[in-house]
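Below sits a lone chain in structure tokens, taken as the form predicted alone.
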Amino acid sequence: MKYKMEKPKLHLLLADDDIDDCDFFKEATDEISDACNLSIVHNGVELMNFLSSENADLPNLIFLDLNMPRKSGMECLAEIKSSDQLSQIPIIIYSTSLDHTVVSELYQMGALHYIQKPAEFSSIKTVIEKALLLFNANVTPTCSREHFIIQP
């Protein structure tokens, strides 16, 4: 008798203070795949506490909002990338704004991709799906500048 090896679920972590955005994101990931576990934190301090707790189940991929209370997404990105334990976790910025100066800075800081939050649910689903496909297909932890922004 042969047993099929089950692929471990992808652990996603969303850091976003907007409850509606979190709900849409969760709904989208639930519809895209049952091969994902989603954890959600609502500010930068919560994110860093989650990642640094002793028995942390570290995520495979972080979706990070930039404008959060207590500690911004950019501060979190810098902190994560400077940590020996956390620096290898890929981070996709998931933000409302699209300031190209900031986007360039985030690319330089080591973010994997940038997604401007879409307004329509179908577009949210599309960008998350694209991000997961790119993440799963990506053997190198960096992408080229022209493929940094994921569009719906």
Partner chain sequence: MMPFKSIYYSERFLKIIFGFSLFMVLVMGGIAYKHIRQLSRSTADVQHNYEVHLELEKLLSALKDAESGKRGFIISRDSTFLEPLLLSSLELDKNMEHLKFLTKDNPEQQKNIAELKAKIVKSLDIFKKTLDLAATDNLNSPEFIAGFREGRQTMNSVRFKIIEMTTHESDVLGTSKEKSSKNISNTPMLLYYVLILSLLILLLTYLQNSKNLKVLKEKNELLETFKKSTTQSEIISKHGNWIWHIEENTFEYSDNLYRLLGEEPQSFEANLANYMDFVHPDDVDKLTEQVNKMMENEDLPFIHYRIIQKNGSIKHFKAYGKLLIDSDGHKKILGTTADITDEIENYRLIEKRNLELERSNKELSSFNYVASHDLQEPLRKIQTFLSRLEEKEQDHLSNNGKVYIERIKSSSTRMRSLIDDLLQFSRTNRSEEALEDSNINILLETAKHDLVEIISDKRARISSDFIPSMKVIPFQIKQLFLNLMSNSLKYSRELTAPVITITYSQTKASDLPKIKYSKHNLYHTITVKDNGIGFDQDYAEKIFILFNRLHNKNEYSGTGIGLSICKKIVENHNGYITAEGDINNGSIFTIYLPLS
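A quick note: this is a predicted structure, and the numbers were derived from the prediction, not measured. Residue numbers count along the first chain shown, from 1.
There is another form of this protein, the form predicted together with the partner chain, and it is not shown here; the text below is about that form.
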In the predicted complex, the residue from M48, I89, I124, L38 that sits within 4.5 Å of the partner chain by heavy atoms: I124
Contact label in the predicted complex: D99 to the partner chain, heavy atom within 4.5 Å: yes
Partner proximity in the predicted complex: E129 to the partner chain, non-hydrogen atom cutoff 4.5 Å: no
The partner chain contact at E31 in the predicted complex, heavy atom, 4.5 Å: yes
Any non-hydrogen atom of S83 within 4.5 angstroms of the partner chain in the predicted complex: no
Which of 55-63, 23-31, 40-48, 105-113 lines the interface with the partner chain in the predicted complex (heavy atom within 4.5 Å): 23-31
